[in-house]
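The chain below stands alone and is given as structure tokens, in the form predicted alone.
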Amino acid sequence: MSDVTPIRTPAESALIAAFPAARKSLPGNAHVIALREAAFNRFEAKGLPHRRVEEWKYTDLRTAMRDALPLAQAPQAATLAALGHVADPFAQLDAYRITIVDGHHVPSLSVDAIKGVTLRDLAASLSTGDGIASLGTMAKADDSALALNAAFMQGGVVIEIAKGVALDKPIYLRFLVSGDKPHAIYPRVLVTVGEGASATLIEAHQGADGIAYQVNGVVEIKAGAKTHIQHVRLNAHGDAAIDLSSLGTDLGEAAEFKSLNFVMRPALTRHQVFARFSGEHIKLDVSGAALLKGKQHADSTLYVDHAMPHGESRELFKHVIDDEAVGVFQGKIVVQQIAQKTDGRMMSQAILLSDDATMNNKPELEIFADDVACGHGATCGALDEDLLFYLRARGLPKPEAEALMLAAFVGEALEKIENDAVREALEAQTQHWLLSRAIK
């Protein structure tokens, strides 16, 4: 019997055709070249994920991604100058700033050095091999989005925080997309946190409206024993963008890790988190908040692997959905047989502001141990009419009453942010979105 030839979409065919030429110019030593080849082969075998792939059931990327765009080039001086007018959502934050434009680290717009931290340009490290031993080890390698990033990754940064270092202010990674023509961007960040160290990592992702660019980014964080890490990500990409983002983390004994993803503007976004418990007594907190309107589609997917005993995980996701927008939450907690005394709790909550709004929830538990306390839940509904009436009866106009209720709803997730300036910046973003809704 002859081999079956898969039917390719134009985007898949273009990506497959582009790789042989792209790999000649992309950075990498022999090890990285082999990693790229293996990742591309995985993508070529599977293609873009679609609704028949269980993990992508509610986000059909094969249909949404109609074409493959050319790779973004390293920004020139004129491009960087033109980005100067882009408002910084964390302008008031006292932080160590690192700027990545079109997937390329920009040293002239970044901090030179941080005490106790080694900073490297990822493109250079891909060629030399310095600091990238754990690259590609902290997330599901068979995921097609991850495979695409590994095949086409262009640049970014490598951050190594030394043992016992307690950073006095956050590391702020600002990702900007330039230009007036759509292109594809594949940034990557690798963070290693030494034993007993503590750090706050902030990401902001921005791009212009009306340009259908594509971003596929990966952040990997390897956290040593007794580390304390807070990670906050703001997705404020342009309103026509497709943004795929993956966070992979490997947690050492007694590590504490908090992460929050805040989504506002892209046409289609999927943020996936892969967390692995590699030691005992780990505490993990993964949260998300999405403010959606128009025809936006936002997917939050996580996979938590309790592979050691005495682990604790908490997941809380909030969606506010208006117009014809679609929200997705998929969460799976896996408790391995060895992982006794695991405590896992997962919750998704959504408020639908329109009859045409949609929320898809799929929380899962996969438990192989017998001494655990795990649970999950999902709620979906409209604003509480009784509370709305109560507020209006005390003189608040309906738009203001709704805004107050929605801000409190989203605020439950934002309260988890330890840094006051970061939390206040995201609260301001929430208020801006609520105001735009009230006056539409």
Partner chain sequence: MLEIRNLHVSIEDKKILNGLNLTVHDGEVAAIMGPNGSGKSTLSYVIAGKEDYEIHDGEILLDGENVLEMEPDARAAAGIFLAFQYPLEIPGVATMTFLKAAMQAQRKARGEDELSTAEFMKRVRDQAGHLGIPQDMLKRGLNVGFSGGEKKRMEILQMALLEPKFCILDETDSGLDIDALKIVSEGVNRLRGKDRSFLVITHYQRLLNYIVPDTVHVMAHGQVVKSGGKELALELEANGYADYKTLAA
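Positions refer to the first chain, counted from 1. Given the structure is predicted, the values throughout are model-derived calculations rather than measurements.
Only in words, not in the display: the form predicted in complex with the partner chain, which the text now covers.
The stretch in contact with the partner chain in the predicted complex, judged by heavy atoms within 4.5 Å, is 381-389, chosen from 62-70, 381-389, 25-33, 39-47. Interface residue remark: Glu400 is counted as part of the site for the partner chain in the predicted complex, having a heavy atom within 4.5 Å. Though the partner is left out of this view, Arg394 does reach within 4.5 Å of the partner chain in the predicted complex, counting heavy atoms only. With a 4.5 Å cutoff on heavy atoms, Ala408 counts as touching the partner chain in the predicted complex.
Heavy atoms of Leu404 reach within 4.5 Å of the partner chain in the predicted complex, making it an interface residue.
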